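Below, in structure tokens: the form predicted on its own, a single chain.
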Amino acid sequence: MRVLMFGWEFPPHITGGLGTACYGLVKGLAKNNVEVLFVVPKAYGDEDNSVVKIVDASEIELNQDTLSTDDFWRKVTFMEVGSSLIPYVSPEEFKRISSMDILDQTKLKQTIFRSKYKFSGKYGRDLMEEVSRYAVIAAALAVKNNFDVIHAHDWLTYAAGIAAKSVSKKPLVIHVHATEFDRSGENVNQNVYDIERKGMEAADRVITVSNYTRNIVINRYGIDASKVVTVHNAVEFDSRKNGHDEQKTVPEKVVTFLGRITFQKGPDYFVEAANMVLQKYNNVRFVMAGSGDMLNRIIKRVAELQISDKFHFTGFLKGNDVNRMFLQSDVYVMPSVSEPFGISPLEAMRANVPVIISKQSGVAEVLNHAIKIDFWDIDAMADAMYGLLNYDGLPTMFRRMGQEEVLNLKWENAARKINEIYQTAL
């Protein structure tokens, strides 16, 4: 089995859980004898090529004669998107950026005819231009390579997946790691929603990372339930990264939030619960690791509550810095408002850290030894934090049982299910 796979990021160059999930998945697929050709807009040269062949879209030469044929353009020009978008920002932030008149629009067919196009690989102001061009590169790759199935991750690559399917006639599997309803609540960006729906409709199979997300795909996008399959994410287990083998740098206990500081992740509920804990328990520090459009608002709220001396903002962490943060933590909290899955609780449990997660998360479907609360219930969240901080027997039990549980959540098992999905698509 050979798969042409489209992603937008790959470790160590990531902005969140998507790249981490892609890396774990391709390694799991390799153990299931599936060869993956993984395409990214921009490769940096330090990606792990041991189990996957990384294709840098910035290095793909386009054949002008091929691109100018009517048949080719009839298949791929539907990807031309007239509006500029920036993912993972709030509607307010997007409106502010748009009003600055820095989002220039470029007609795809007027400028595409060059030998190569250098992608930034980032989520910047030229994002939709890059999404459109990426789809053209995808079509060119589909013409030149032999493969059995196309696999596209998240909405940024759906157009690429559709283009590759159009020219190759091979089955398309799209992987829904998040939806616009997760990112924006009910204030969805209609352009993103339309791209997501087109990708789901064009796909032969739709993989969702949880039943929570599967229900959104079926009910909010109107997709036939028979082609939507849930495959839960997993976590890599490396014994060298586990256990509290580093000395803590502060004497107090540490409660950690790690994720984008944005509406979807519920950072404001974390702050309110932390304030309640500090009224009863002082031997604790709270860490918010991440960046996002709500950061300034959260910092202001921490100052208003006069708990700044107990609160730390680290900025965005990745790789070994994430592991070190977990090794310094006594409790991990993920209070997401809407979380398709959430790999970070598994990473925390792998490091022997008890976790508190919202019931509105996909990972809650696979974890038994985690404390589950509604994201909005700051009383329950504070109670859970206090219990894990104050009663030694409680975190001891969660560490022991959680470690056993997370050992069974392996990427090779998830990959085996996905390989079966490929077979049904064929």
Partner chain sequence: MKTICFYFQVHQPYRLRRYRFFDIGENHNYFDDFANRSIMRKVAEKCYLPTNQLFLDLINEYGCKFKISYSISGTAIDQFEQYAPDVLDSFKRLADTGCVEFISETYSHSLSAIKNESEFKKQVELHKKKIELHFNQTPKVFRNTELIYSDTIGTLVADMGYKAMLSEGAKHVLGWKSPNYVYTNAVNPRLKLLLKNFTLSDDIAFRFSNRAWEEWPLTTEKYISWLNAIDEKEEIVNLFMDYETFGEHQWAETGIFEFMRHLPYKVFSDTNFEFLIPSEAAEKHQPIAPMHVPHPISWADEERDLTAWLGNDLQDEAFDKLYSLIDKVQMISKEELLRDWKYLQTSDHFYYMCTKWFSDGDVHKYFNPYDSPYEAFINFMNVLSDFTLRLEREVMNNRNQDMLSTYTPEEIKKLIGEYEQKLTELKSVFDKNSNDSSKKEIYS
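Positions refer to the first chain, counted from 1. Nothing here was measured: the structure is a model prediction, and the numbers come from that model. Definition used throughout: the rigid core is the maximal C-alpha set that superposes within 1.5 Å between two forms.
The discussion below concerns the form predicted in complex with the partner chain, not included here.
- Annotated contact segment (heavy atom within 4.5 Å of the partner chain in the model of the complex): 391 to 399, selected among 52 to 60, 36 to 44, 391 to 399, 22 to 30.
- For the three marked residues, 276, 377 and 383, a heavy atom of each sits within 4.5 Å of the partner chain in the model of the complex.
- The contact with the partner chain in the model of the complex, taken as any heavy atom within 4.5 Å, belongs to 280 out of 280, 144, 169, 300.
- For the chain shown alone, residue 370 is a contact residue for the partner chain in the model of the complex, at least one non-hydrogen atom being within 4.5 angstroms.
- The Cα shift for residue 385 between the shown form and the other one, taken after rigid core superposition, is 2 angstroms or larger.
- Superposed on the core, the two forms barely differ at residue 178: its CA moves less than 2 Å between the shown form and the other one.
- Once both forms are fitted on their rigid core, the CA atom of residue 395 lies 2 Å or more apart between the shown form and the other one.
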